[in-house]
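Take a look at this single chain, the form predicted alone, given in structure tokens.
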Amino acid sequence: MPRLAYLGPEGTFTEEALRLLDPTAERLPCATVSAALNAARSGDADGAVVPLENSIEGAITTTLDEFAWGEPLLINAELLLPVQFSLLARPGTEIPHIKRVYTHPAAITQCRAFISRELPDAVVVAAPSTAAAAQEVSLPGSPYDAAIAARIAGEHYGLAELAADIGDRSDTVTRFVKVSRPGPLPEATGSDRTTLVVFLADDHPGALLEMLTEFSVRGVNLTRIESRPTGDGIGRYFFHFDFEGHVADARVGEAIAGLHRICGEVRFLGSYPRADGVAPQIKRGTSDPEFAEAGDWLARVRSGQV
């Protein structure tokens, strides 16, 4: 039975994602994303499940930076989890009596309309996680009257659900990834995603275009690009890329090799099956057989068979 670390405490959306990704795993709750990833790095856990991006909030920057600067880990699976928030309180609490609400900053952003409409006079305080908020509200003598969290958190901590699906948008999704220490990659499925972190060798005009060209000329479709500061001064960034395909695909392998030639550092974060099952559209001239045929032709040319 694998042991997987995750952003705790019990009742977080991350725990829900872990249960779906690996129902048999032993679960190790951690206080932060960094702690969960470090548990995987140290061997305290066999892997970790962490949030990577949200369809409303965008990238989870803590996760991006951990992948860029921490000891290497590889993504081996992903999950798209619909996110639905509930207003949770101790049994007997009524919405008009709620004066202090505790929740994660992302939930505050995603539930603005409900808070403004139903809790206009309440003070909303930021918590480390939605589950930590629910746990705090459940304690006798808590200074908070209610939490905004996942329904599962209410079940964990004995809270009543006063309102369900209170997010501003009902189609909000968070993408979670399962990571482990470097080892064998998942087999290519024909519906895969690859993730990289790329550092520029130097800052010069056209540097980003040069990187993007490595993908474009080989027909590799980007699904996400994020820039993050290096910390070396204003205007200096490194980049996260998600793109269609598996490193075993010729077009993907050549694109990564091209980046390696022109960039300061390329950190490979894994090739793994896409959660949505979408297969890439292969441009003419970029399939594996076409790469192989071109290689055979070049070998003949080099041997003088013209």
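On a predicted model such as this, the values are computed, not experimentally measured, just so you know. Residue indices: 1-based, along the sequence shown.
From this point on, the text means the form predicted in complex with a small molecule, which you will not see here.
K.L.:
Any chance all of T12, F85 and H104 sit within 4.5 Å of the small molecule in the predicted bound form, going by non-hydrogen atoms?
P.N.:
Yes: each residue has a heavy atom within 4.5 Å of the partner.
K.L.:
My question is simply whether P51 lines the interface with the small molecule in the predicted bound form - judged by any non-hydrogen atom within 4.5 Å.
P.N.:
Because a heavy atom of P51 falls inside 4.5 Å of the small molecule in the predicted bound form, the answer is yes.
K.L.:
Should Q135 be classed as touching the small molecule in the predicted bound form when contacts are defined as heavy atoms within 4.5 Å?
P.N.:
So Q135 does not count as contacting the small molecule.
K.L.:
If we define contact as a non-hydrogen atom of the residue within 4.5 angstroms of the partner, is T174 a contact of the small molecule in the predicted bound form?
P.N.:
Yes.
K.L.:
Taking 4.5 angstroms as the cut-off for heavy atoms, does T130 touch the small molecule in the predicted bound form?
P.N.:
T130 belongs to the contact set for the small molecule.
K.L.:
So which stretch, 107 to 115, 93 to 101, 137 to 145, 210 to 218, is the one near the small molecule in the predicted bound form (non-hydrogen atoms, 4.5 Å)?
P.N.:
The contacting stretch here is 107 to 115.
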